[in-house]
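The chain that follows stands alone, in the form predicted alone, written as structure tokens.
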């Protein structure tokens, strides 16, 4: 099977996975909760019972033959639309881009779920991407150093860092960083780094009174670069340092251990000994011959690490008070905002399955022996 044929088959499978997940999630949020929860984002204090019943019927949770809203609220069987029928109407709305309204108290009345979600998603994506970059820039070199200096001091240091990062709870590590870089490391009465928010406005290495540029992508760093406002971009970058380090600490430990074990195995192979016997430089042997094969297992777990990074933003955004969708999803759960929770789950699942597909394609490019 050719690679493009495999990619097409995987895309079709991704659609089935997302469909199954949406069905399961819809049943969890709509099948166990009272039907009135689906009406909550749309009901206003001025609506009478007749208007509420009409609303329930338009949303597909009350039957057209339902006599009154009181009967619907009493869960009379003749008034309740089956869950599967509710799902078909919901799926049609979702495919047309209609995710309904949100119950988030900070969003205001009649605020669309998609508007709130995609206005906050760039903050989460920015944090996750920075975490992924740190994971690659730190995890891979640490693994290489650890393997090439096996049982020596650099290897011991690398293993301590990786095991410690893999074991430390993220929220605890985040608070430790806040104590060190905000409370203790101070210059001119200001903390070295900011402790909260998506824009650094009060720290020793921040610019003061920066002008906020017009939002283009929604990600502050990119918006600052695109608009040419480098002061704003710098302050946004500084605000992400501690959250990104906290988010990536566990994935750095995992990637370091994987790269180390893979490099140790590859360095013992006969073709590496042959390359050394030919007189090739150590740098050429390690980075041109050994590293490419050693990275294959790391690429394999990259999808899992990506899922971990996007899933871990909930805790990080709470600790550092970031206005991303992770923190917002927790608020949505607290107020039973099922529209926002459903959108958050499906978008996260979409990112994960797309990432796994990209990983498989990259894996085939790195290893010509792979055939699908």
Partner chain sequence: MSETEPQIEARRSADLRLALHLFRKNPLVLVGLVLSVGSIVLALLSPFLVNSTSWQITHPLLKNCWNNPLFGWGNSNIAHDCSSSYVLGTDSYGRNLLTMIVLAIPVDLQIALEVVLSAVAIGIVFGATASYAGGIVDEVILRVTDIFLAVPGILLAIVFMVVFGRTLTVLTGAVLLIWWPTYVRLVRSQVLSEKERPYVESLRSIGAGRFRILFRHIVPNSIYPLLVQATLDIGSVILTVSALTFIGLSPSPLLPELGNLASLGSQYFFTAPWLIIFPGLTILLISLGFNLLGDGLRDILDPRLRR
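Residue numbers count along the first chain shown, from 1. Remember, it's a predicted structure, so these values are computed and weren't measured experimentally.
Omitted from view is the form predicted together with the partner chain, to which the following refers.
Proximity of residue 179 to the partner chain in the model of the complex: non-hydrogen atoms within 4.5 Å are present. In the model of the complex, the partner chain sits within 4.5 Å of a heavy atom belonging to residue 338. Using a 4.5 angstroms limit between non-hydrogen atoms, residue 307 touches the partner chain in the model of the complex. Within this chain, residue 334 lines the site of the partner chain in the model of the complex, having a heavy atom no more than 4.5 Å away. Though the partner chain is absent from this view, in the model of the complex it lies within 4.5 Å of a heavy atom of just one residue from 297, 213, 218, 164, which is 164. Interface residue among 207, 175, 75, 84, judged by heavy atoms within 4.5 Å of the partner chain in the model of the complex: 175. Judged against the partner chain in the model of the complex with a 4.5 angstroms heavy atom cut-off, the residues 136, 238 and 259 are out of contact without exception. Residues 333, 334, 336, 338, 341, 344, 345, 348, 349, 352, 353 are the ones in 333 to 356 with at least one heavy atom within 4.5 Å of the partner chain in the model of the complex, listed in sequence order.
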